[in-house]
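Below: one protein chain in two forms, given as structure tokens, structure 1 then structure 2.
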Structure 1
């Protein structure tokens, strides 16, 4: 269910955070669902437990999950809402990316048609 690219220059804990966010958004993990335990996931991915916990701690601090000592880590009911808010705050960064591509000679229509294509792909896979 969760895979990690050990050769990536992106930190493992960072990849894990993004993966879990993605699984929450795609409703694979729903509110109050039980996440894999730190130890089991560390065995499954052949990664140190501390690295897994670092990701879990981050998710918990971001309000996306809540932890119960002895029971486990669960998806927060407000997780999807929070992820939506986070995405809105990334719009300026997205704009800077787009602006850079426009400056480099990429056509605005090309970017917009790409977005249309991605959007229709998304809708058809729901």
Structure 2
């Protein structure tokens, strides 16, 4: 379910944060779902536990997860809303970029096709 690319230049904790965000947005992880323990995820991914803990701490500080002493890390009930608000703030930038593409001669159908392709790839990677 959670995978990382050890050959990527992107830090492992960033990959982990992004993957968990994707899983929350796609409802693989729902509100109050228990995330894998630091130890189990560390073993599964062959990654230092401190790296996993760093990602979990970031998610907690962002309000996407919460911690229960002795129980672990859970998805916050507000996580999907928080991620949706973050994405909506990027829409004006996306609109400006799409406008530049349209102005440079890219057909609207090509843009729609690209978005459909990206959505399909995203769904298959989950």
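Treat the numbers as computed from the prediction; the structure is a model and nothing was measured. We call the rigid core the largest set of C-alpha positions that still match within 1.5 Å between the two forms. Numbering follows the first chain given and starts at 1.
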Practice item. Please let me know, 1 or 2, which structure is the form predicted alone? Key: 2
Exercise for review: Name the rotation angle of the smaller rigid part against the larger part between structures 1 and 2, given in degrees.
Suggested key: 37
Check your understanding: Once both forms share the same rigid core frame, by what distance in Å has the CA of residue 103 shifted between structures 1 and 2?
Key -> 8.7
Exercise for review: Would you mind giving the Cα movement of residue 117 between structures 1 and 2 in Å, after fitting on the rigid core?
Suggested key: 6.1
